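Quick setup: one chain, the form predicted alone, written in structure tokens, and binding and motion questions come after.
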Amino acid sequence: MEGDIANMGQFIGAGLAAIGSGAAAIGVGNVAGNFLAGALRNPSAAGEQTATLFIGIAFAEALGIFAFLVALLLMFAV
């Protein structure tokens, strides 16, 4: 009985940690959307800001990968 409760807690924690992966997708969309909005307002400055775009996307994706890693650790850690 106690093992079932522990497994349930692991799966609930993994599900909550997996929310971070969805939040990372929202973050990437937000970064790319704001870049596109700024590039449409001032096309001459868009070329200089692409490095910043890729750095922002990388940070947002890294948080999603970390959330996925935490979910896997919660599911399969003994």
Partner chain sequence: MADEVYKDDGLVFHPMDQFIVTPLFGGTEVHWYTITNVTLWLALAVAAIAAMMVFGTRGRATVPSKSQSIAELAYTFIHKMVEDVAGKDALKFFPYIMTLFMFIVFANFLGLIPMAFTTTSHIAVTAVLAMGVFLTVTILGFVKNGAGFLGLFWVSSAPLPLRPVLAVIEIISYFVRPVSHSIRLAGNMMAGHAVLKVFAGFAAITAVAPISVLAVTAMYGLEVLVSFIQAYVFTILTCVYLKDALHPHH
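Here the structure is a predicted model, which means the values were calculated and not measured. Positions refer to the first chain, counted from 1.
What comes next is about the form predicted in complex with the partner chain, which does not appear here.
Peer 1: Indicate whether the partner chain has at least one heavy atom within 4.5 Å of a heavy atom of Ala45 in the model of the complex.
Peer 2: No, no contact at 4.5 Å.
Peer 1: Against the partner chain in the model of the complex, would Ile55 count as a contact residue? Criterion: heavy atoms within 4.5 Å.
Peer 2: Because a heavy atom of Ile55 falls inside 4.5 Å of the partner chain in the model of the complex, the answer is yes.
Peer 1: With a cut-off of 4.5 Å between heavy atoms, is Leu69 one of the residues that contacts the partner chain in the model of the complex?
Peer 2: Leu69 belongs to the contact set for the partner chain.
Peer 1: Is Ile65 close enough to touch the partner chain in the model of the complex, meaning at least one heavy atom pair within 4.5 Å?
Peer 2: Yes, contact at 4.5 Å.
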